[in-house]
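Just one chain follows, in the form predicted on its own, and it is written as structure tokens.
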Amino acid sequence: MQSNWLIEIMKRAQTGPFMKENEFDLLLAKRIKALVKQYGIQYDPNNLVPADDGLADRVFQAALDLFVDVGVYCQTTERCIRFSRDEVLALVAQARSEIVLGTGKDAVVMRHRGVEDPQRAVMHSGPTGTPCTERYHPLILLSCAQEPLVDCLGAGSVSTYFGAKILPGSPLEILGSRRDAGVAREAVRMAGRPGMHINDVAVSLTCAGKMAALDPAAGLRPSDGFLVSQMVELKTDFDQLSRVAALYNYGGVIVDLMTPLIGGVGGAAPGTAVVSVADHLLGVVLYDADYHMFSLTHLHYVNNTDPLGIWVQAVVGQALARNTPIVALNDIYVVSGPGTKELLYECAVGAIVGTVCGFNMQGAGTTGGFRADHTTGLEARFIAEVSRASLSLSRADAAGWAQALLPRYQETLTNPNRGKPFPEVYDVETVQPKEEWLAMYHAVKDELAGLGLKFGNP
């Protein structure tokens, strides 16, 4: 980012065109619809992973047009922050293509990945969007941090502090944020990986709460990541921009979090793909993000492993991989829960498609986030193994895998199998998966191997 660029952003946030939020939403929806038509972007339910470079490039160009035309809505000032095409392209060209995460022997370099890239995806883990209780949160984090193929740990979220509900902006948010940062730090230490990168403390919903987690000794270090969020779609506020300012001073890793909705302002899959790429541009231009966390979610199912979600992930990944240098991370959101084969099938599809189409790995967000403590380290292990086994696959191969695995869980999208909570699938004394859950994992892995997925890639 240019020196003191935040000063310029603040000026534009206070002098840009005034607009009510609902007017911005209507303008955005109208422009997305027109651009989808102009660029001929079409969803094909029979090919969920298009091997079409032209399509990927058209999606990027449509997203660039969208971002330049409508800008970013600042909810604090009710004004649009606008940028020229030359400004956007220059900042995207300057974006970091790799970032060192963590310290010492536990440090990893997460890089921009290309389409069908043989370079392995860096694996993030933790209770992604899945709430945890105070009792089991430390064990859930340890179950992830101890997995050898997991590179980074997401600290997750606990909604209470000594049983009291945490309210945003309250003293309990500060206390809860510091506690969760300390729990994550202890988890990586207990796993023998004290320098592992921790990505965020999710309980905090304000800048003050996020900053409370900053503590090189017992909390989050400059080598760790903090989420700077977008409000759907293409919106920010002063609280989010204040996080960027604070992290510049601290030296922390800036993580751009976006949650585009299939069925939201972008409409169906083509429009959602366009606005999703535009969201990544926001993360570059406004937040100077070190890496970008793509948390695509279906408005009704609250997942991204349905056919529409698979297609959007595939197209967005390719558009970013071919047209930007940025480091992208794909959240795998699923409707199923631990102790079910459906969860593993959903994770497999997300891992294969994301890996082949240029993403690094984050996951899994289990049960659509509806069931507390329904998340474990075993599905993280499985995602990492499937991702590595996918490094030799083509987009056509990935499309075949999506079509083969989708029938194994598609009926449960409307009637999900939420599975079992952590203590029912893990031994809470040894923090190891119980035999039933482990046997299910081996059975699905063997099934995929029998279908031709080659496990064991380095």
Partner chain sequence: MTQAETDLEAYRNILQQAIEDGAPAAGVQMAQEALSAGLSPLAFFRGVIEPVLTDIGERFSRLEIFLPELMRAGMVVKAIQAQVLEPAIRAAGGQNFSEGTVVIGTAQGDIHDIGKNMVALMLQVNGFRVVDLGTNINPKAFIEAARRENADIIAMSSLLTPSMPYIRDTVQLAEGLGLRGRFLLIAGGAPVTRAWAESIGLDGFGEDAVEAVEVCRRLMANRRAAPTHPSL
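Positions refer to the first chain, counted from 1. These numbers were taken from a predicted model, which means no experiment stands behind them.
One more form of this protein should be noted, the form predicted together with its partner chain, which is absent from this view; the next part is about it.
- Just one of 88, 265, 80, 172 comes within 4.5 Å of its partner chain in the model of the complex, counting any heavy atom, and that one is 265.
- Note on the partner interface in the model of the complex: the residue among 322, 300, 189, 135 having a heavy atom within 4.5 angstroms of its partner chain is 300.
- In the model of the complex, its partner chain sits within 4.5 Å of a heavy atom belonging to residue 29.
- Contact check for residue 33: a non-hydrogen atom falls within 4.5 Å of its partner chain in the model of the complex.
- Residue contact check for residue 25: one or more of its heavy atoms lie within 4.5 Å of its partner chain in the model of the complex.
- Although the partner is absent from this view, residue 370 contacts its partner chain in the model of the complex, with a non-hydrogen atom inside 4.5 angstroms.
- Taken together, 9, 64 and 229 are entirely out of contact with its partner chain in the model of the complex: none brings a heavy atom within 4.5 Å.
- Only one of 375 to 383, 97 to 105, 256 to 264, 118 to 126 places residue heavy atoms within 4.5 angstroms of its partner chain in the model of the complex, namely 256 to 264.
- Contacts to its partner chain in the model of the complex (heavy atom within 4.5 Å) from stretch 164 to 198: 165 only.
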